[in-house]
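Heads up, the chain below is alone and in the form predicted alone; it's given as structure tokens.
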Amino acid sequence: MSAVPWRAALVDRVLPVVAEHAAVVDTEAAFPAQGMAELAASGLHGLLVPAEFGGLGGGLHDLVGTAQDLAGACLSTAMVWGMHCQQVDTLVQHATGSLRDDVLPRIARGELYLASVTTEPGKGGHLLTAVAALRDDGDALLVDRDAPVVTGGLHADGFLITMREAEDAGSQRVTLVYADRDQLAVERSGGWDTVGMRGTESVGLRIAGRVPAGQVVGQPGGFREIALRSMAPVGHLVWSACWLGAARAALADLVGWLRSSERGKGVDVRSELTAERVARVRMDLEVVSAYLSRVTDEVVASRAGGASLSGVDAQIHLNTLKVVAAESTFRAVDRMVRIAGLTAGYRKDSPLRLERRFRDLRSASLNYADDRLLVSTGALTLMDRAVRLL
């Protein structure tokens, strides 16, 4: 279902660079600058930008497939790129006029890497509320914002920032604003020394500046519609694709090792216990893959038909995808470590690289906490008497 028939060739060009730097990205908690530069040069930064603006004209199936491929080489790089694409989709779907005409061609040319500023002290990552308010300044808007977590923010060329519509507006009247890097003063306010996903460099930032009023994305105070149509569903799709891609690559490496002479005598591949453990890993990944495919189809069809994704069943499906993908991919790599054993599975210097993937995938359930989504899904389920399953 790819809209970009040459996507695989572009990915093949990028993967060696991403893989080459993956270990350093992890050990040094370094932003994947080389991989991101290659992605920009290949045109994949503009994967979702329509061809009329110079982009590749890809769709969400292209995004999901590419994210999986990249994550097999380096999950941090895949997540940084995937969240950039999440912001690109938001602009493609909701930016208008001169903002669209200026920003989208720059993304397509690989000149703009986008970061998302949605976290805030006092509300965490809750997407549909804001604390800091925009202030009018003639034909411009004043932005003054603290954000405890901004993925790749120190390296971004542009930002999409959620703000309260005005100082007298309620917390749910949220406006999305685009800002170029040179329109802002950006200061680091927090560190990023984590167990896994170290290369996303999701540090805290202090952001302040003056942006033209024409850089509001969508309607003032109307971010809820943007979140429901673009930012939330695309986020769940691309996160799940990244986690699946990392776990799938880990399984491929494990199967290759189990079939090789390097395995030694530590693991008996003829035992029923090994077969059962490998089967459970494969089942987890099959379920995630199938559900990801179906939810991607649902989102694409809904957007193509102009239907809202705010319905109870659609929201349940998106929440379920994120939680199932987060839990199942981590469980799968945990089982792979057990299968490979202490030396091949748990050691940091093992060629299987399971240890890094174990640490990275542990973050999946914490990346917009599963508990929050489960509470929402439970409440939504009580509203869906028909139990409309995907």
Ligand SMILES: Cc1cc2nc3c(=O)[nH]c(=O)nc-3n(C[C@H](O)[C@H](O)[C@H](O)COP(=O)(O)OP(=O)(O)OC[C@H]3O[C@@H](n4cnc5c(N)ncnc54)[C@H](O)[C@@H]3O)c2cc1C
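So that there is no doubt, residue numbering starts at 1 and follows the sequence shown. In this text the structure is predicted, and so the values were computed from the model without any measurement.
Another form, the form predicted together with the ligand, is not on view; read the next lines as being about it.
Novice: So, residue 202 and the ligand: in the model of the complex, are they within 4.5 Å at any heavy atom pair?
Specialist: Yes.
Novice: Residue 20 versus the ligand, in the model of the complex: is there a non-hydrogen atom within 4.5 Å?
Specialist: No, residue 20 is distant from the partner.
Novice: Is there a heavy atom of residue 93 lying 4.5 Å or less from a heavy atom of the ligand in the model of the complex?
Specialist: No, residue 93 is distant from the partner.
Novice: Flag residue 367 as yes or no: does it have a non-hydrogen atom within 4.5 angstroms of any non-hydrogen atom of the ligand in the model of the complex?
Specialist: Residue 367: contacts the ligand in the model of the complex.
Novice: Thinking of the ligand in the model of the complex, which stretch from 170-178, 134-142, 253-261, 191-199 has heavy atoms inside 4.5 Å of it?
Specialist: The contacting stretch here is 191-199.
Novice: Identify, from the list 163, 108, 83, 226, the residue with a heavy atom within 4.5 Å of the ligand in the model of the complex.
Specialist: Selected option: 83.
Novice: In the model of the complex, which of the listed residues (183, 129, 320, 119) lies with a heavy atom within 4.5 Å of the ligand?
Specialist: If I apply the 4.5 Å criterion carefully, the residue I get is 119.
Novice: Which residues, if any, of 137-162 lie within 4.5 Å of the ligand in the model of the complex when only heavy atoms count?
Specialist: Result: 149, 150, 151.
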